[in-house]
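One chain comes next, on its own, written out as structure tokens in the form predicted alone.
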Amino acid sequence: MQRHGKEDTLRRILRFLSSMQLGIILLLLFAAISVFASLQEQKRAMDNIYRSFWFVGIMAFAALNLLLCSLRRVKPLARLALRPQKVQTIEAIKKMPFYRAVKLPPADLGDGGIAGAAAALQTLGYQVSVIEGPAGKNIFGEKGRSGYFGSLLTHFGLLVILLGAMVGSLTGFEHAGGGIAGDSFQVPEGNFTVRIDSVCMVQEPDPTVRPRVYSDLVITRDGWQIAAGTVAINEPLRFQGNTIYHKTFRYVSEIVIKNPATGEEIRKQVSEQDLLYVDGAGSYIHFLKFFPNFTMTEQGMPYSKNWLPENPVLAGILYNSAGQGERPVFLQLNKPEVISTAAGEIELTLTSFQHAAVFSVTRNLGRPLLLTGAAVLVLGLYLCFAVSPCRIYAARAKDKDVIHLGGSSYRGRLVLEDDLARIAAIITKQEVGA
């Protein structure tokens, strides 16, 4: 009794884990978490949600539910699809969901009725078997058998996608880096270094259209080159499960800070949104925007006429040591500008600028599983919605002038009704569709 009790408990647990109700609950939970995550900052969502142990646990639980649900359906589906009962009595045919009694023409009162029904089924794409039954010859026709496995393939595709997502969450990372030609940055998660050999900007025929930037990269690990290539928008570099995407580009400006009183000069490289401290009293410039072809609207708003570097200007705001904005600063190429600070006058000169690229480095070892799962899922959905398994049975009582047609369909009731009408028309030698 104790053994049977344990077996019953195990069956109840397995029935719960493989239930559709649990699957629906998990899907709703996924939807709620995804909505919440979409409202968060991307990196925070990746680190605190998508890569958290509890989210991976939910995915594993959902994968287990799909697996058990699919395994429960394999045997019944295999029996339904691969071992049909091909011989049916006339009484059984009359009770089928779709039934027609077709009166045979006098010329077919011999064996012509069965032969005509078999030929009609073949004309409509059915695989036909003629079987000798207890009461005479029977016909079994079938098409769309692969449609029985659509739901199973759909479940399997979702399972593979979940596994790919779990692998990606456990092994993946996202790292941002970049710079000008000659710079390098470390990717500690992948234990490799990215060296930027060149950054080239290519203008479009229309200079108002954002130009394309191409970056030549060399990837090294422990001093050995492991990959190299050119990265641009929609042209990532992939290697060893890692992918480097071009994220955006920036202008890096070189500025000379000169003290007119002493003649002392300091060279600094700055980008947009950088802060540059210009004296010992705490005054600084917050650089806001680089304009390759600077101009102003009638209202005094700065903007760039296009992307051509015909009048480059680096714009910012001078702040005092108390953090109060004092005046705008517009540095033109090779044109010194003198500004007054709490420590005295400072001369600033924009001497040159370079193009810098910003990259996103990611790794997702689950990507092959995701692509495979997506392909299987699409195939499963196609079989579910585009392939309608249909079976038609035909039998004729001896010495009777009526052939009985019956059918069943896993899906596609309209298809089966139309096929029965067409078969009846072919047997009675009427025009199809009359």
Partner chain sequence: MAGMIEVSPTGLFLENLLFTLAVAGYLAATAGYLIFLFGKKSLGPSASRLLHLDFSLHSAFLVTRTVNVRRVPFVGHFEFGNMFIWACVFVYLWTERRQKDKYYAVGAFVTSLVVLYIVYLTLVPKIFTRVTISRAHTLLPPVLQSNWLKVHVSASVLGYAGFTLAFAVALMWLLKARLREKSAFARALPAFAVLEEYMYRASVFGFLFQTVMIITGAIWADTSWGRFWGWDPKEMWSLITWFVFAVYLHARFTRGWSGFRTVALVVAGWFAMLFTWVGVAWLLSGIHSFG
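Residue numbers count along the first chain shown, from 1. Take the two forms, superpose them, and find the largest set of C-alpha atoms that agree within 1.5 Å; that set is the rigid core. Quick caveat: nothing in here was measured; it's all calculated off a predicted structure.
There is another form of the same protein, the form predicted in complex with the partner chain; it is not shown, and what comes next is about it.
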Legend entry - Interface residue in the predicted bound form among R327, K103, R238, K95, criterion: non-hydrogen atom within 4.5 angstroms of the partner chain: R238
Legend entry - Listed residue (R145, K137, H355, H155) with a non-hydrogen atom within 4.5 angstroms of the partner chain in the predicted bound form: H155
Inset, instruction - Look up in the predicted bound form whether S34 has a non-hydrogen atom within 4.5 angstroms of the partner chain, and give yes or no. - result: yes
Legend entry - Touches the partner chain in the predicted bound form: R413 (any heavy atom, 4.5 Å): yes
Legend entry - Partner proximity in the predicted bound form: S271 to the partner chain, non-hydrogen atom cutoff 4.5 Å: no
Inset, instruction - Give a yes or no for R250: in the predicted bound form, does one of its heavy atoms lie within 4.5 Å of a heavy atom belonging to the partner chain? - result: no
Inset, instruction - Look at the candidate spot formed by L17, A118 and E417 and say whether the partner chain comes within 4.5 Å of a heavy atom in all three of them in the predicted bound form. - result: no
Inset, instruction - Determine which one of 316-324, 344-352, 280-288, 230-238 lies within 4.5 Å of the partner chain in the predicted bound form, judging by heavy atom distances; exactly one does. - result: 230-238
Inset, instruction - Just give me the residues of 358-385, first to last, that have a heavy atom within 4.5 Å of the partner chain in the predicted bound form. - result: T362, N364, R367, L370, L371, A374, L377, V378, L381, Y382, F385
Legend entry - Post core alignment: F30 C-alpha displaced by 2 Å or more between the shown form and the other one: yes
Inset, instruction - Determine, after fitting the two forms on their core, whether A386 shows a C-alpha shift of 2 Å or more between the shown form and the other one. - result: no
Inset, instruction - Determine, after fitting the two forms on their core, whether A60 shows a C-alpha shift of 2 Å or more between the shown form and the other one. - result: yes
